[in-house]
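To begin, one chain is listed below as structure tokens, in the form predicted alone.
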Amino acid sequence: MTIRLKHTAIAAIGASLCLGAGAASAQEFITVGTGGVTGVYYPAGGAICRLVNQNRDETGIRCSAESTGGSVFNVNTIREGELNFGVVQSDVQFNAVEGRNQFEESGPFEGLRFVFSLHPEPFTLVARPDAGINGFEDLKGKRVNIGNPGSGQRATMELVMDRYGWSIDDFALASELPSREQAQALCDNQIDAFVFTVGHPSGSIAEPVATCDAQLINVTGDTIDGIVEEFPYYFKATIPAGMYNNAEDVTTFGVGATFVSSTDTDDDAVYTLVKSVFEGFDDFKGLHPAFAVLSKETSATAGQSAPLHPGAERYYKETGLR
């Protein structure tokens, strides 16, 4: 399956939770783990909480979005009971359910539950124009930011490296900068390239393109085709020409962002959150350009590896979405 991202202008979005005044005297607080402030996870969590908090006087539920280390961190923190919800890459969700890769030591997360899916997230390779990088294979021997431990981008990068038979020793430098620092590091000539699994358009990509003429590089070939064929949660993706002043389409692969919870989160709280998002779906889609490709039908079903949370299931059955 190939998903082509819709070309829209980059729009700014505040992560304000819009809590307002006059809250109900007795309230239930729910927390949402997101990602770095320059990615799409953070505004996604803010947008979800904004919709929930619009009705908090009626529902008694108050939502707070927190910037975190990303997908793996969110899963682990939900498992520990410190978060109610989290935005998680579809591959990380699968690994958590199965107890694979990053979760091999902790084992399968049997209490993880799927709520809905969000935007597609292409694996994006960004390089300095003078770095001599024209494909993923050219990263060997270069200074590359592979992502901070616990992030979804790091998890995907480690899988690709494994399929290429690479280790961090194959790079001149393998930095572990968080997403908010990688654009400046690239333009300051501290690294030659970085990889980022992110929804588009993204400020983290637009910044180095505008500041130091960074280039988006195709990530294709037999190795990538093999990954897409092997894992059902990966798909081919295209970043359209012109989105970042790129003259041609950029071809790569990617995952999807999913919204998850656990069996420890109250069914009514999950139902209320899902209802808030889906009844305000048009408003939600307008809160960030990366959401423009969403539909209720795909959001209710796509990217699911964990069992469906009963609170979400109740809403989907009421509305005929599942």
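Numbering starts at 1 and runs along the sequence shown. Bear in mind that the values here come from a model prediction, so they are computed numbers and not experimental data.
Another form, the form predicted together with a small molecule, is not on view; read the next lines as being about it.
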| item | value |
| --- | --- |
| In the predicted bound form, the residue from V198, L139, V126, A183 that sits within 4.5 Å of the small molecule by heavy atoms | V198 |
| 4.5 angstroms heavy atom contact with the small molecule in the predicted bound form for G254 | no |
| is_contact(G36, the small molecule) in the predicted bound form, heavy atom dist at most 4.5 Å | yes |
| Contact label in the predicted bound form: A65 to the small molecule, heavy atom within 4.5 Å | no |
| Partner contact for S71 in the predicted bound form: the small molecule, 4.5 angstroms, heavy atom | yes |
| Partner-proximal stretch of 128 to 136, 149 to 157, 166 to 174, 208 to 216 relative to the small molecule in the predicted bound form, 4.5 angstroms, heavy atom | 149 to 157 |
